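Next comes just one chain, in structure tokens: the form predicted alone.
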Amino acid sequence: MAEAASSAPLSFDNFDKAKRMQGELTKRYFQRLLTAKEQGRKVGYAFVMANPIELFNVFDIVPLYPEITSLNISYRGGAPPLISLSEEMGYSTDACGYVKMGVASVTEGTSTSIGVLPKPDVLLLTFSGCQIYIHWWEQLHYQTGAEVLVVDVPYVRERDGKVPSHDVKYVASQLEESIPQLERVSGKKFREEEFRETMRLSAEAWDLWRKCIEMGKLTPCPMDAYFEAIYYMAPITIARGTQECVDFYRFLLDELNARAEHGVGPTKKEEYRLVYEGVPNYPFFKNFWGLFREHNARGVAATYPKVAGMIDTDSFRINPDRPFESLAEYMIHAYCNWNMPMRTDLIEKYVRDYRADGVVIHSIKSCRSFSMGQGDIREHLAKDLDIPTLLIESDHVDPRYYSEAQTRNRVDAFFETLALRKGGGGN
């Protein structure tokens, strides 16, 4: 019996431990966050895009990302009461779901499915997104009294992605000028060697993460570069600049290599290879993923995991020897900071380099930074390049804008088209 058990083929569960590891890492992060004030630590609110968490690390400021707390609350089904509270406060149904949940989460007396979120000591505004983000931070300032630290981040304007040196200097100088304010808020002095060390750890984690997501070029792809990557991308934001983050991506890379070696993946087999654009639907995340898993489709590349930074391009690399300039380059290259031609070219490149069968664009009602231009991108891919492209719409946190029946109909019709192009029938 022992020999029979040992010769049995390994299941996917044997190679799916990184998700549990990510879950434990996230729990530790929330525990640190929720107990920060009790421990005498300061809390800084920041955006996922273009955040210089390495500076927070030096000053022992615990970062809180309202986008991340909101998506986690939404994933757990806790979005409706927060959205309702914000709309009772006067926010429009058309306002960004992240903004409404973020404002409601820090309203006095509010408890979320995560817990009671700590009030900020500093609001780090790295503007690299919608105009409403500025008003969001302004509202949080009025609600909490926390001071605002602004770092203006210019858009990438050239189609080839080149960033003028004066733009890098502009952002880097703002980061350096922020040090006295962070020293005052935290009560700690800036330590340049510690800053370089946290930048070194960030560089190591980024390089490992890049190797992970580029495994989508393998056939079959050993992971889903959209739906699974939603789990895997968390540490690069909440734990960047730490050994814990490096260890996670080293473990993940080893696990993905083992998947590739044993020929296992997140679906029974790989029938379709897809590129994804857009933010996922968090309230119905598993059901949404299931619509594609039923067709044995795997995401081989996606834009969303690059929202914090474009780590799978040669546009930048973190260099601890030039920490401020390198951090500035990272901030400038947040995905939503790219111009529309660059984002369109990137999707085309993914289709070509990852040998994809089609593109799925999930356009969400709340996020203008992601959703603007997606209709034009879809027209270009489908009509000019003859790339099968599915555009579906819902929201990332508001469950009122998702209909599984309607979405299923569109997804099933898309796969019928892909099956015909492949010369076969349905599944």
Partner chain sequence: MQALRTYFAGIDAGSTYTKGALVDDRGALVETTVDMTGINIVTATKKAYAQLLEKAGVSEGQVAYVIGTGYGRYRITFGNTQVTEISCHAKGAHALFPGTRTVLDMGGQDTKAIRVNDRGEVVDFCMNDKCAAGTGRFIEGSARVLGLSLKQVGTLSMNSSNPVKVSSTCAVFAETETQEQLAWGNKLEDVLYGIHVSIATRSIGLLRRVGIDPEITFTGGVSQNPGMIRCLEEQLGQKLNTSPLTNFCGALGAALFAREKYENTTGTGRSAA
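What you see is a predicted model; the values in this text were computed from it and never measured. Numbering follows the first chain given and starts at 1.
Note that the form predicted in complex with the partner chain isn't included here; everything after this is about it.
Novice: Can you confirm whether E379, E393 and L420, the three residues that make up this candidate site, all sit within 4.5 Å of the partner chain in the predicted complex, judged by heavy atoms?
Specialist: Every residue of the candidate spot has a heavy atom within 4.5 Å of the partner chain in the predicted complex.
Novice: How about F414: is it within 4.5 Å of the partner chain in the predicted complex, going by heavy atoms?
Specialist: Close contact exists here: in the predicted complex, F414 approaches the partner chain to within 4.5 Å, heavy atoms only.
Novice: Applying a 4.5 Å heavy atom distance criterion, does Y401 contact the partner chain in the predicted complex?
Specialist: Y401: contacts the partner chain in the predicted complex.
Novice: K383: heavy atom within 4.5 Å of the partner chain in the predicted complex?
Specialist: Yes, K383 is a contact residue.
Novice: Contact between S70 and the partner chain in the predicted complex at 4.5 Å, heavy atoms?
Specialist: Looking in the predicted complex, residue contacts with the partner chain do not include S70, since no heavy atom lies within 4.5 Å.
Novice: Counting any heavy atom within 4.5 Å as contact, can you tell me which stretch out of 384-392, 23-31, 57-65, 39-47 lines the partner chain in the predicted complex?
Specialist: So the stretch in question is 384-392.
Novice: Which residues in 197-219 have a heavy atom within 4.5 Å of the partner chain in the predicted complex?
Specialist: Contacts from 197-219: none.
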